[in-house]
Structures are given as C-alpha cells and as structure tokens.
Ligand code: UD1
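In structure tokens, one chain follows: the form predicted on its own.
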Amino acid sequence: MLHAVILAAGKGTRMRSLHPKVLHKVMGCAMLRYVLETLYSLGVRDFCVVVGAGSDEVRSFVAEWKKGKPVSIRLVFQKVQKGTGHAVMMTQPFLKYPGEVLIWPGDMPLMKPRTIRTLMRCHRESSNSATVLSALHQDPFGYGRIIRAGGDFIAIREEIDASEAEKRIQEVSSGIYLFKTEDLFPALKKIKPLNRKKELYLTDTVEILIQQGKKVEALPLALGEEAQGINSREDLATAVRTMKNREIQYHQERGVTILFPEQTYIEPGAKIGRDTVIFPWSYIEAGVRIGRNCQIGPFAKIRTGTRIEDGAAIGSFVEVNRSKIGKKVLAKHLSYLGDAVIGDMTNVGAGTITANYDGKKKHVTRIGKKVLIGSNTVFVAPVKVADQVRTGAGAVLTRRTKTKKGEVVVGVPARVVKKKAGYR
C-alpha cells in the first residue's frame, strides 16, 4: 500500500503572511492542491498531512478538496516544530500497515507526475529501503546537498551544517522521499538533534539505514525547476512564471496560437481548441472551455465557468464570467458578460453589460441567436431575448422587456419599436 505524508506545518516566516504558506496560490490554485492532485493521480488514497501554523485554514481546505473522492486524509498537528524527522514521527500511529511512504513538502507544487512515477519504479525495481529524489541546481544555496563517496550516496547535508566544500556540491535533495514503511520508523527513532538547529532531521535516516546495511539511493531525476521550494514571495513569483510557461507550451503543442507568450496568462485546467488565436494581455482562468478557431483578446479576461464555442471572438477589454458564448458570436469591445447564455452568431456591441447581480442574488441573461446588440445596451437580469432581436444604442432591457423574433427594442426601459412601411 502506498501512503503519502505531506509536510505542511511550516510557518513560512519569509512569506510575511497571516495565512499558511501552503495555501498561497500559484496560477489560481493553492500549492497544497497541486501536491494533493499529483499524489491522487499517482494512485495515493491514504494521506497524512502534518499541520501547524494556520491548521484551521488547512483543515478547511483539505476537507473541501476531499469531497467526492475515495480517500482517507488524517491531519496531524505538530504543536512544536522540532524538524522534519519529528514531523514524520508523528504520523506513525496512522501508518501501521506495511507498504511504502512517499514524503512530500507541501510547498513544492512544480513537481511533475512522470518524475514521481520514475522515482517509484526505480525504488521498486532496486528494492530500496529508501530513495531520495534529487536534482541538479546551478545555485544550490539553501538546499540539502547530496553527499557521495566513490559515487555511492552516503548522506544528505543541510546548508547550515555543510562544509565549504560540501556547499559547492550542485546535486541537492528535493525533499521528496520514498521509504519502506517498516524501515522508516525504526530509523526515525534513532536520529538525534546533533546539528546547529538542534532539530530532528529526516535526512539523517539516510545514514542510519546505510549503517544498517539497507539499500538507499539518491536519483537525480528532477529538473531544477521541479525541485523549487517556495519560501518567499520572490519564490512564489518564480513558480508562477514556471507554471505559466508550462501551460503556454502545453497549448502551443496542441495547435493554439499564442502570439506573445510573455504577455498571456492561462491557468492550468483551461481547455482551448485547435487554431484558436490568443492575443496579448489575455487572462484565462482554470475551468474555461474555448472552442476551435476562436479569437481571444487583446486585453480579454475569461473567467472560470465560461464556455466559448467554435469561431467566437472575444476582443479588447471584454470580461466573460460563468457564461456560455455560442458559435461565431462577436464581442469585440468593452463589454461585461456575466452569467449569460448567448446564442450563435449574435453580435455584441461595444459597451454591452449584463447586470447579473441585484444586491442579493445573481441572475442569468439569455440572448437568442443572430441578435444585434446596440452599443451600451444593458441587460438587467433575469432577462430573455428572442432570436434576431435588435437593440438600440443605450437600451436597457429588464425582466419586463418581452421580445419576439426579429423585433427592435430601444429606450430606457426598452420598448418594442413597431415597424413602419418600408422599415427594415
């Protein structure tokens, strides 16, 4: 059985925040969510999360993430933080069964699932007692160094305890470990706080297991960016850039044109169809669905819950939120479309607003097919507009505005204009 221990008790002092470090967001998602989702994708169903500072917030977050998933998650409170070894020791009552324990810091959201799969395969094929995931860093400052003798892995030395020669080593521990459960906890009982911080280091289990004749390996499988721990706001910004670049590349490889990647923000979980073009300064949130041959931007904001069908164009300074935009809809300029359902081939004039919030609840605007919406039209939801309706510039449509196919409405509040002879 594969267990997971997530270390999420750190105060994150350098973040200078009132919130737990692991709940700070990278591209719209908390760091801890990335860790949980990756472990879940690897088949982990039994979790221990070690919490400390901000434990109530972490508890609420984990409870929300867990909903609907066939998982067991136990939160272990580390009241006094005595080091990573001490944190893992506290999980022993919940990890009584033989198997494997994957230990992962909760502030490492950039690790790729395929890297962990390779780690797991190598660990099992070699019948290791413990396997450490390592990485090569050009600037290894702050990381535990992988110590080798004659090519053999013999220890991990933390930055504060490393000699000058050891500090020049560029192979570092990622902080991710895979142990045999039956070997981990006996080794943890033998570690002692013989270091400058007077803490119980999880890293010391490596030397103990080696002394016991157990097989231990450090595998440099991770790219440097994957092993990035987040300890400051600067680190957080670096992680956002890394994740953003991954998402841009992901969509480019699937046939999406992104004209200026540096000026485009796409959160993980967005789906974009082939031959869609994303113009600069566009902002696309997680959960958005965009079809094929669409145009997005520049300066467009597409928010969670939105679906845009094939051939639609969302242009400059248009925000779309929780809406369904039909095929070949044109919304080119300066509009807010929230909680709207807009039919195929409708033209949304500049300055159009769906006023979806009445101060208490949000309501839906339903606009039919081939509607021509005049500039600065306001839809005060809930409102429904029939197919092929035309609205005059500055019209305000409310729930009392009743329309039939092909009618023209103008004014405040909008009223139907009766056709005259020769009027089209």
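Residue numbers run from 1 along the displayed sequence. Since the model is a prediction, treat every value here as computed from it, not as a measurement.
Unshown form predicted in complex with the ligand; subsequent notes refer to it.
Participant: Applying a 4.5 Å heavy atom distance criterion, does residue 174 contact the ligand in the predicted bound form?
Facilitator: It does: once the ligand is placed as it appears in the predicted bound form, residue 174 has a heavy atom within 4.5 Å of it.
Participant: Given that the partner is absent here, does residue 229 sit within 4.5 Å of the ligand in the predicted bound form, heavy atoms only?
Facilitator: Answer yes; at least one heavy atom of residue 229 falls within 4.5 Å of the ligand in the predicted bound form.
Participant: With a 4.5 Å heavy atom cut-off, would you call residue 105 a contact of the ligand in the predicted bound form?
Facilitator: Yes, residue 105 sits close enough to the ligand in the predicted bound form that at least one of its heavy atoms falls within 4.5 Å.
Participant: Hey, in the predicted bound form, is residue 414 touching the ligand, heavy atoms inside 4.5 Å?
Facilitator: No - in the predicted bound form, heavy atoms of residue 414 and the ligand never come within 4.5 Å of each other.
Participant: The chain here is shown without the ligand. Which stretch in 114 to 122, 200 to 208, 185 to 193, 237 to 245 comes within 4.5 angstroms of it in the predicted bound form, by heavy atom distance?
Facilitator: Flagged stretch: 200 to 208.
Participant: Exactly one of 215, 333, 82, 180 has a non-hydrogen atom within 4.5 Å of the ligand in the predicted bound form; which residue is it?
Facilitator: Looking at the other structure, the residue within range turns out to be 82.
Participant: Only one of 89, 130, 156, 270 gets a heavy atom within 4.5 Å of the ligand in the predicted bound form. Which one?
Facilitator: Looking at 89, 130, 156, 270 one by one, just 156 meets the 4.5 Å heavy-atom criterion.
Participant: In the predicted bound form, which residues of 1 to 21 put a heavy atom within 4.5 Å of the ligand?
Facilitator: The stretch touches the partner through 7, 8, 9, 10, 14, 21.
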